[in-house]
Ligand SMILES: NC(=O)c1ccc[n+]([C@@H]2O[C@H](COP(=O)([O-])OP(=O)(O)OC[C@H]3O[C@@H](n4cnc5c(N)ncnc54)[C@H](OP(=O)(O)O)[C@@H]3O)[C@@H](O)[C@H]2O)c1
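Consider the single chain below, provided in structure tokens and representing the form predicted on its own.
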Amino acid sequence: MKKVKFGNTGMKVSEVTLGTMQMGWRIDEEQSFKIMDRALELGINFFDTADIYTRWSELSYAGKTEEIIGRWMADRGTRDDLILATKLRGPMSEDINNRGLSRRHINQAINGSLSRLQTSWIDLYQIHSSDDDTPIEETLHGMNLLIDDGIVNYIGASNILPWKFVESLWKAQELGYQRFESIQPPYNLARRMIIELRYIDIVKKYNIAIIPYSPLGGGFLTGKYKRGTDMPDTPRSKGVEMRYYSDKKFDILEKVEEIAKHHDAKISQVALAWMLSKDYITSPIIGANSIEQLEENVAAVELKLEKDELDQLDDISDWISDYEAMR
């Protein structure tokens, strides 16, 4: 697998990233180990996680995913082989200060992540979302202290409004701080507007890495959902129905399926190949519940769509007319 430049940094990451949100939630530790083993064998050197994974599950708790990754790295001796990314911001307990982006919580959060991950450094430390209660100067200062101490190599942001991201860049320049080098928003064929309307000009002007999550729309762009059929019973089905169940989005899905048949490929592979064709995308984050699913998704890096096919996908998933109608 190719390694690509990470935005304005000298770091090189695999052209797809392994997302780990399923670990400790939908898959157990044994299966998680197998998936991470195979990901590394397939050339994926970039793993993304978060301290809050998987607090939302009644069968799990905040920090469980990091613990699984930490035990895997310790058992396999793989830490030096990885570019490891994690995030902070969400509530880690009922303590009102054990959340957010204050300097206090940054110190608390990094110590927790380092302990759970059984490592002495994080390659990419990201804010999971913005914190209106904390000035961005305080957040940048706290994260820059970690860089100065050699605990963190780079910092990034996820789920942050574009104007707040630009503000952070200006504040970093003004105060002489290291800036956010990456942005992690949702992006896929059926959900293009967030990046294409709001972020493209920013990332091109400032040479920011984009590592989008949900490249398959929570499973919508895999073919498991069909127009006019009952919803599959999955933990994500309600969210998929709310966000993707419309005639236009099923039109997109059916066009992807048509192109997939032409290439004797999986629907998910075509959806990922479309994203990988975009020069502003650095490394989409793919999750997997099984080895087979991981291998299918990784195979998308070898699938080269024709220009006419890319144009067809661009046209059918075009969001501009819908956006104009809302204005």
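All figures in this text were calculated on a predicted structure; none of them were measured in a lab. Residue positions are given as counts along the sequence shown, with the first one as 1.
This next part talks about the form predicted together with the named molecule, which is not shown.
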| Which one of I259, I285, I35, I68 is close to the named molecule in the model of the complex, taking close to mean a heavy atom within 4.5 Å? | I285
| Considering the named molecule in the model of the complex, which of T222, N144, T78, Q118 comes within 4.5 Å of it through any heavy atom? | T222
| query | Any chance all of G19, Y53 and Y213 sit within 4.5 Å of the named molecule in the model of the complex, going by non-hydrogen atoms? | reply | yes
| field | in the model of the complex, segment of 90-98, 214-222, 133-141, 171-179 with a heavy atom within 4.5 Å of the named molecule | value | 214-222
| Do Q31 and the named molecule come within 4.5 Å of each other in the model of the complex, heavy atoms counted? | no
| query | Is N45 a contact residue for the named molecule in the model of the complex, using a 4.5 Å heavy atom cut-off? | reply | no
| Counting only non-hydrogen atoms and a 4.5 angstroms cut-off, does N159 reach the named molecule in the model of the complex? | yes
| Should Q293 be classed as touching the named molecule in the model of the complex when contacts are defined as heavy atoms within 4.5 Å? | yes
| note | Of the residues spanning 107-129, the ones with some heavy atom within 4.5 Å of the named molecule in the model of the complex are H128
